[in-house]
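Presented as structure tokens, the chain that follows is alone, the form predicted alone.
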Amino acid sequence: MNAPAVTPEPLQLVLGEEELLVDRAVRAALEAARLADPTADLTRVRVADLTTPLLTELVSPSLFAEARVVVLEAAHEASQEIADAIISYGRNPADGVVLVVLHSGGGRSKVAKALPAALKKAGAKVTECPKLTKASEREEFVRHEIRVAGGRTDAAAVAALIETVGSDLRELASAAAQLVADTDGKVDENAVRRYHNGRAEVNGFAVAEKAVVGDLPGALEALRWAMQLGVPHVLVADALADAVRTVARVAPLGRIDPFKSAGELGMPPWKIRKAMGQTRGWHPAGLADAMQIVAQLNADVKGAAADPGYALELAIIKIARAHRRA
């Protein structure tokens, strides 16, 4: 009568390297186990530190019928002996134990690479957690987060959120949930801009956006604001380099369709559209100078310069001069 409506999957394979998604898969396994038994315990062990006797101990049924979730981290580092032990257990898992195997999908040895296929064959529940490297994947992630939180959005708002927050999935997920809560579910571009007012300055984008259009006073003001907020010099330098490289790639193409060119350039359409507007005033010689400036700046903020703050200011001045070069 008191049996749980849902029994947790005893063998689970979490495949991929996207940290947030992996953490969520582990949390979901633990929550499912605790629905069946609120006292279920969690144990995490790195496979490189695992021995066959320890694995046997971890997955042996408790004398007191205590449920547990055992997470094996970095299973792609498994030796032949440990891989065989995991597979052998997976074919006949114990009651009351949920074994969650975290695997990158790769591996240094054949046995490590073959482990996921063997676990799938044994009936493991598979959760895919691939790295989200493409702009379109991050955009879909943001849309999904807003939808799951009970909100609705559009392409412009998604683009604005990624532009403002950056590509870190944890920050994107947190921002998406907060925006849904603060806007009664309607997340549009204006809501993103209002909520994250000043955030662009924090991650260096405002400095870069003003610098690449030749707005020297605005860029220096944004830089001072960023420095006051304690933004790492490296993040501002990276934003400058990204902005200059993007303009340098888009400028020679003239008037193009951002949507048709997105795949070829490896950029989202909104970024191409913005860069097209920023190309005005740039000439090939000036862009070549700007590329050298940001390359030197990268070295300066990583230790080559005695004062990285001054190096940033000087680079912005030089980029403004390059913008005016015919």
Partner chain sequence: MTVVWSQVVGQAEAVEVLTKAANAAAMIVRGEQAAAGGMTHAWLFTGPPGSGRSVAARAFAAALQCDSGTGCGECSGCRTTMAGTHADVRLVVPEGLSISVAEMRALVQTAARRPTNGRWQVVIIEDADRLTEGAANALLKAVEEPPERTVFLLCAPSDHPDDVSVTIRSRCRGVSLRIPPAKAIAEVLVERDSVDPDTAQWAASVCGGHVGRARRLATDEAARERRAAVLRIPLGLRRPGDVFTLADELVKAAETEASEQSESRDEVEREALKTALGAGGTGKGTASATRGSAGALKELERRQKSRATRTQRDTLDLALVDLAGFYRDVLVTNSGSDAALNHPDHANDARTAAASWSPESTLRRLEAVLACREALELNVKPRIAVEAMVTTLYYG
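Definition used throughout: the rigid core is the maximal C-alpha set that superposes within 1.5 Å between two forms. In this text, all values refer to a predicted model and were calculated from it rather than measured experimentally. Numbering follows the first chain given and starts at 1.
Note that the form predicted together with its partner chain isn't included here; everything after this is about it.
Between the options Gln292, Thr43, Thr56, Ser62, the residue in contact with its partner chain in the model of the complex by a heavy atom within 4.5 angstroms is Gln292. For the options Arg249, Lys113, Lys125, Arg143, the residue carrying a heavy atom within 4.5 angstroms of its partner chain in the model of the complex is Arg249.
Annotated contact segment (heavy atom within 4.5 Å of its partner chain in the model of the complex): 293-301, selected among 66-74, 28-36, 293-301, 272-280. Although the partner is absent here, Ala48 sits far enough away that none of its heavy atoms falls within 4.5 Å of its partner chain in the model of the complex. Of the heavy atoms in Pro284, some are within 4.5 Å of its partner chain in the model of the complex. Although the partner is absent from this view, Asp238 contacts its partner chain in the model of the complex, with a non-hydrogen atom inside 4.5 angstroms.
Although the partner is absent here, Arg193 sits far enough away that none of its heavy atoms falls within 4.5 Å of its partner chain in the model of the complex.
Once the cores line up, the CA of Leu235 ends up 2 angstroms or more apart between the shown form and the other one.
Fitting the two forms on the rigid core leaves the C-alpha of Pro284 displaced by at least 2 angstroms between the shown form and the other one. Core-superposed comparison between the shown form and the other one: the Cα of Met267 travels 2 Å or more.
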